[in-house]
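Listed next as structure tokens is one chain, alone, in the form predicted alone.
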Amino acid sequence: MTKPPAKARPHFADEGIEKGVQKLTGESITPVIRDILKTEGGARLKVYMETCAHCGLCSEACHHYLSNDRDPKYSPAGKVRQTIGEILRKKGAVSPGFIKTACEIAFTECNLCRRCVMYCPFGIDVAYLMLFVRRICHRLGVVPQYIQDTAHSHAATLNQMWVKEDEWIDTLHWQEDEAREEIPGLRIPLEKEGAEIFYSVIGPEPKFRAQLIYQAAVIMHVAGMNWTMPATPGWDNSDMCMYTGDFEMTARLKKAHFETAMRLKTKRIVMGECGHAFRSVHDVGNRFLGWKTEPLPVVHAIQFYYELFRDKKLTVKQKFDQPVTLHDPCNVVRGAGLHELARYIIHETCDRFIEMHPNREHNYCCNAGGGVINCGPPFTKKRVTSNSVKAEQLKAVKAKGANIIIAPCHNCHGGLEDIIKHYDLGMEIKFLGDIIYECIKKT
């Protein structure tokens, strides 16, 4: 029996891609690509592309492939073959139409989650290859509009949400006032030199989730931490520019972030619950600055919360009494190995924990990370239908009694919320900070 022909890739109109492609010609594309291949390609690209045996073992790791009827063009190897593979085969002599398709594949059909790397017998990093394609698209001026707007915000304001300097300070004062109604002696220390902790967050917190700053301030106060937050740009640890391929801007963002922490003479940076920002600091930003590692220690919120419970700096007044499950975020689990620390915190704060399967480094991506959710509404339907495998995973754990999903990452919240709504799962998502705030003894 012959296999039915693969479905054509659906078309999604995006202003950034469409207008960018209109400005291109074959003659303008080729020299740009050849320059990137010469100056930025190197041995890593060559080894990956020449090593791939097209064995297909990576396919079963990819939620896009699994959720699209196992169509080979959505497999990691298939996406590589359709993009950078074709670019190398033609030595950069590709058409504007090709760049349009390659852009959509690299930006909206791969979350850079690196689950496929674990299943590749040679450890080929498909995320690196897709980022390389995005880099080419950036240099050619072909980037989805919504994520490019976010990159523009980073360039103009050093944060991803166009938060003005006075708006940032006003938000911190507002959250301090709110928290002082609960704990009169609480402060959110601004510009405190020599503090042990520089606490940094991502742009959506002051813009949309200010209660997370409130909760973090309460946790810091109760634990007796010596901490501070800056009153100047450099407070935002997020970075969509690394996902658009604008590595120059990525370096500028990380430099501003680290220099702000060093200006205040802090001992270390504690980051809020964000996965991609952690990746930017440990895997991308510091390297584009030419640094072997970050200039002062950086810990994710999971590591910090673990320390607080381990060192008995927080006391649980009453455990969270509803069954919970944990979504393991790609960038802090596959990327940083923080899965057991997250479970330690959950066991300290929750009565009943139910694992979803697969879990830990084998967990399925939320399909929001890697900048995919930031490509905006034109691709929302594509994103949620390309992660039906995650919906099934959530349905299974809900059937066991867990209606609360703990997801210690902002992008994961956005992606899971869309999946829950689209598949009518009726589940609720919380940060670790939400649970900790609710459970600890505050006075």
Partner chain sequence: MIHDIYSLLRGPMVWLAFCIFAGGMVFRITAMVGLARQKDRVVFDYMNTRYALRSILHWMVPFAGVNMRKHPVMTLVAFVFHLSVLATPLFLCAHILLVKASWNLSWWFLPDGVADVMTACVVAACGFFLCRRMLLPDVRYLTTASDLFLLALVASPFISGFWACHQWPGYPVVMMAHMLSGEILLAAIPFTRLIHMFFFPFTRGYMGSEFGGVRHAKDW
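Being a predicted model, the structure only gives us computed values, none of them experimental. Positions refer to the first chain, counted from 1.
The following text describes the form predicted in complex with the partner chain, which does not appear among the structures shown.
Student: Is it true that His54, Tyr119 and Asp125 each have at least one non-hydrogen atom within 4.5 Å of the partner chain in the predicted bound form?
Tutor: Looking in the predicted bound form, the three residues His54, Tyr119 and Asp125 all sit within 4.5 Å of the partner chain (heavy atoms).
Student: Taking 4.5 Å between heavy atoms as the contact cutoff, choose which of Val333, Ile213, Ile373, Ile188 touches the partner chain in the predicted bound form.
Tutor: After the contact test, the surviving option is Val333.
Student: Name the residue from Thr157, Gln82, Gln145, Thr260 that puts a heavy atom within 4.5 Å of the partner chain in the predicted bound form.
Tutor: Checking each option against the partner chain in the predicted bound form, the one that comes within 4.5 Å is Gln82.
Student: Decide whether Ala399 counts as a contact residue for the partner chain in the predicted bound form under a heavy atom distance cut-off of 4.5 Å.
Tutor: Flag for Ala399 set to no.
Student: Residue-level question: is Leu394 within 4.5 Å of the partner chain in the predicted bound form, judged on heavy atoms?
Tutor: Looking in the predicted bound form, residue contacts with the partner chain do not include Leu394, since no heavy atom lies within 4.5 Å.
Student: Check whether Glu361 has any heavy atom within 4.5 Å of a heavy atom of the partner chain in the predicted bound form, and answer yes or no.
Tutor: Because a heavy atom of Glu361 falls inside 4.5 Å of the partner chain in the predicted bound form, the answer is yes.
Student: Examine Glu167 and determine whether its closest non-hydrogen atom to the partner chain in the predicted bound form is within 4.5 angstroms.
Tutor: Output for Glu167 is no: heavy atoms all beyond 4.5 Å of the partner chain.
Student: Among 414-422, 400-408, 60-68, 379-387, which stretch has residues with heavy atoms no more than 4.5 Å from the partner chain in the predicted bound form?
Tutor: Going through the listed ranges, the match is 60-68.
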